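As a starting point, one isolated chain is supplied in structure tokens, in the form predicted on its own.
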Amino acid sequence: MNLLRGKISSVMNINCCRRNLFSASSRLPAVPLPAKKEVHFWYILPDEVNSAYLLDQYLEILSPCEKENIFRMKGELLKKRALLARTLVRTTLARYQTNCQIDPKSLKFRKNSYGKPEVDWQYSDDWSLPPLHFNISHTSSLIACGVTVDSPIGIDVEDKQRRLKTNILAFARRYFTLHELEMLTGISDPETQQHEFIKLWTLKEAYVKALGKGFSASPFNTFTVRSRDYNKKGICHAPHLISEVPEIIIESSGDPNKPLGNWKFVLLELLGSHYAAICMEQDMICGGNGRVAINLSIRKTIPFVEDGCISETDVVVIGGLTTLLGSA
């Protein structure tokens, strides 16, 4: 596999917590399981991973099926991103231990009836299984993995400069609800309209992935994403943009006053270059349908090399109720 060669960039903008340096031959540092109402959001920047030796180490922890899927891809960049995505999942989940050290290579996965990957723990009955839920998303320049305990999760990341080949409003008419189309139509500035479209798409994608049913089973035009303020006003159009309000909710397109379950959202601007959306289901006992904040820990990593959480200047919460946490 002729992956790109070079040296690993050591430039990591990590200021809010200590660094953990370790070699590829050492174990992954253990991380406590997320608490209730808590999300761990891990990400990796592909451009910072260019060591042929390190990429070979990543390849070694993948399953034969994962390797075969990567080898079938055309283009070295696509292969590299796929390799990093699978490595991020395996090395992230292997950090969360209960009774024993987990080898990332030993992890098994299965898919639900709709094709969403899940961990298939294959240990003895007396082993305390970590009740982890995870989801992964990636662009060409950023790969992310979200982890929760006992709560379904969906995440999506999009480049802020993403461009559509078709007109935004024409695209929205095809995929979005009437309320969402009205919001976008009411925005006169093309750049603002572009960004609001990407934020909305990111939120809807995260919700569908949290459901675990896929786009075909949960079409975007069957549900509306908007703020609680929109709900009070009964409309969803400019100048009341998604990013200007604190809490984000989801409703059935057939009944604007009917919330769809107990889903909580967070919308972020990450590194000034990406939007990231997180959707998780909250246990009714842990907050019901009230205004409950999601505790969020954001950690940057180069697996087997360096971990850390990013500085506060690198993440901006632009929607949803959340409390940003440092890492342990």
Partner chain sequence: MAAKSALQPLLKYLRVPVQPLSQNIFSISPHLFRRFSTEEVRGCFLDKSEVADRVISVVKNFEKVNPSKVNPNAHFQNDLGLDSLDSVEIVMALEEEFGFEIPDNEADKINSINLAVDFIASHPQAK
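Source: prediction; values computed, not measured. Positions refer to the first chain, counted from 1.
Form predicted in complex with its partner chain: not shown, discussed below.
**Student:** Work out which of Glu247, Glu196, Glu251, Glu158 lies within 4.5 Å of its partner chain in the predicted bound form, going by heavy atoms.
**Tutor:** Exactly one listed residue reaches within 4.5 Å, namely Glu158.
**Student:** Look up in the predicted bound form whether Leu178 has a non-hydrogen atom within 4.5 angstroms of its partner chain, and give yes or no.
**Tutor:** Because no heavy atom of Leu178 falls inside 4.5 Å of its partner chain in the predicted bound form, the answer is no.
**Student:** Contact with its partner chain in the predicted bound form for Tyr207, defined as at least one heavy atom pair within 4.5 Å: yes or no?
**Tutor:** Output for Tyr207 is no: heavy atoms all beyond 4.5 Å of its partner chain.
**Student:** With the partner left out here, check for me: in the predicted bound form, does some heavy atom of Asn221 sit within 4.5 Å of its partner chain?
**Tutor:** Yes - in the predicted bound form, heavy atoms of Asn221 and its partner chain come within 4.5 Å of each other.
**Student:** Although the partner isn't part of this model, could you tell me whether Arg162 comes within 4.5 Å of its partner chain in the predicted bound form, counting any heavy atom of the residue?
**Tutor:** Yes, Arg162 is a contact residue.
**Student:** Among 43 to 51, 295 to 303, 274 to 282, 66 to 74, which stretch has residues with heavy atoms no more than 4.5 Å from its partner chain in the predicted bound form?
**Tutor:** Contact-bearing stretch, as computed: 66 to 74.
**Student:** If you apply a 4.5 angstroms heavy atom cut-off, which residues in 164 to 186 are near its partner chain in the predicted bound form?
**Tutor:** Residues within 4.5 Å: Leu164, Lys165, Thr166, Ala170, Phe171, Arg174, Tyr175.
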